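In the form predicted alone, a lone chain appears below as structure tokens.
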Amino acid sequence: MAKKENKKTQPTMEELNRELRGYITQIEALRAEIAVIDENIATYRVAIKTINNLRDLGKGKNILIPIGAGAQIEAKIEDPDRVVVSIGSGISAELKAEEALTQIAKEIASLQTLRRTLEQAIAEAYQKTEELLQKTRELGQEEGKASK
């Protein structure tokens, strides 16, 4: 009788596989989120470089701005120290270049913190996956012995 109760509390191969698939799906979703974060960080870094390059060029310089489909339009830098940045919820604010660079750096730091959190979640999901794989192997061996 005790043997039957033990089998009931032990997960089945199907349950282990279902749980394993769940962790694999979770890992894939977390990786996709990290990819989006990496793209956002890269975009912010381009913005930093662009702000600095425009400041280096200085007031009154002519530049070409891409407008899509390979087309460009000429523009003149009027005030390279004036930058408009998004501050959230679709709202933008005009900041001095240094303030804008600081704001962008804060956004990058925030995204990097989130990225580390997601990486930790992936590591934990991998650990659970390894545990489930071990349980699956053990159960498979038990079932193999029982069928002989």
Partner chain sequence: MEDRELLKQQIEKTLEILKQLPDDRRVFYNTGVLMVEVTKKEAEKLLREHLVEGPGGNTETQGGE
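What you see is a predicted model; the values in this text were computed from it and never measured. Residue numbers count along the first chain shown, from 1.
Keep in mind that the form predicted in complex with the partner chain is not shown, yet the notes after this line are about it.
Comment: the partner chain is not present in this chain, but in the predicted complex one of E39, E28, E94, E98 has a heavy atom within 4.5 Å of it, namely E94.
Checking L64, V84, I67, A32 for any heavy atom within 4.5 Å of the partner chain in the predicted complex turns up a single hit: V84.
The stretch that touches the partner chain in the predicted complex, counting heavy atoms within 4.5 Å, is 76-84, out of 116-124, 42-50, 55-63, 76-84.
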